[in-house]
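Encoded as structure tokens, the following chain is the form predicted on its own, with no partner shown.
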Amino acid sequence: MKTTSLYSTSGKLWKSIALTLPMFLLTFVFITGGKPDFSSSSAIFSFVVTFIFFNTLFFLMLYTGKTDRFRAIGFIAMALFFALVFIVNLVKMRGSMSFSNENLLSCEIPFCHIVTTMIIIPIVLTKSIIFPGSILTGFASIASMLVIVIGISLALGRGFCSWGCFYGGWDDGTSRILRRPVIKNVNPNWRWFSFAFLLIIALSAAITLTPTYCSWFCPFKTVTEYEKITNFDTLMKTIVFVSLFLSLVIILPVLTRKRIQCGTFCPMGALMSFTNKINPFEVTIDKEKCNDCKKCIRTCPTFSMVEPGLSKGRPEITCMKCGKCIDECSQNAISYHIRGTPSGKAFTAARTLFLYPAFTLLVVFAGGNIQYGIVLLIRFFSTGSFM
């Protein structure tokens, strides 16, 4: 039988509303950029829907005590709307999702956070950036994205992968399609492959002075941008991209109910795992409350809950802080914790202090895209075109 919730906000209407009020201001600022656009009925409608959407999710997290259940809704929406908005904007600018050599030479490629894994060694060795993007200006400039990555790493560690990554919502969503896995007992040691792949990607980029992951292995080229198919080489790259997307992001997550792309393949996830050691938030396991049912091991989407971790009182370094194990634990043995504070106390405060920056990150990356995406959908259904 489910024990009483750890959180003093659970079932407490007015306390949950009071703690939601600061998020009203944060969502308003980050959705609108401080400059609300009420120039049309569709703009007003999209703002209202987006504003209500996020604040309802945050309130429900507090009121129900469930984190992952409502985080996933916003996270999956972020991934889908990001792809829609990104693709429509590309088609507006270039006429297609593909980019040409001219775009590369003009440094017009938006900087993706995953590129961080490939530019560090070349910067140190050659004092040059091996990516055809703008350093300071334009959409997703290199400098701005690096500042964001460093800031998020210090604040949330690998929590970025469950609260801010605009790709992660894809396999988070597909891993929830079936109620039970078809493929069971996946070896959790597959999570270490991403670390080996990170090393391969970093070294190959340093040797070739090209972003090899972007050139050959990124599954999300399928739903963002890709090199124009002009020869056999670019055709093979496209086949690889599509194959990886279908297998790692769609098919295997559906069959295993695990985030296969994020948990076993993504080099950026591996890099950010190391930052789990230096940020203030962590997930801990109360060994006295734990009844060793291993439900957390079965439900963890990233293979971060393993038996040695139960005895140590914490998940593996790859934990993405999604909150699924916390939601599923019937003994309330798992909780968010702030490093340096006493264990087993102030559960509500620790969770709330984690939720504010984590949920704000979700709003920052998703708010504008969802708002504009709603405008695009209204335009499509009323005119038959996104343009």
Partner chain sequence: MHSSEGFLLGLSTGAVCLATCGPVLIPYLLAESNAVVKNFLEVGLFLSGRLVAYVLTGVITGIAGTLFLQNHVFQGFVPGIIDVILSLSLLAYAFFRFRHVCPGETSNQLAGRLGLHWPEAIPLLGGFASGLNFCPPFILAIAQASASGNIAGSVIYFVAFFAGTSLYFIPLPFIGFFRRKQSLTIIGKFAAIIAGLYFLYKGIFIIFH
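Keep in mind that what you see is a predicted model, and the values were worked out from it rather than measured. Numbering follows the first chain given and starts at 1.
Beyond what is shown, the protein has a form predicted together with the partner chain; the following relates to that form.
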query: One stretch from 182 to 190, 90 to 98, 252 to 260, 284 to 292 that, in the model of the complex, holds residues within 4.5 Å of the partner chain by heavy atom; finding: 182 to 190
query: Contact flag, E225 vs the partner chain in the model of the complex, heavy atom cut 4.5 Å; finding: no
query: F195 within 4.5 Å of the partner chain in the model of the complex, heavy atoms; finding: yes
query: Residue contact check: L178 to the partner chain in the model of the complex, 4.5 Å heavy atom; finding: no
query: 4.5 angstroms heavy atom contact with the partner chain in the model of the complex for I229; finding: no
query: Joint contact, I200, I207 and E316 to the partner chain in the model of the complex, by non-hydrogen atom at 4.5 Å; finding: yes
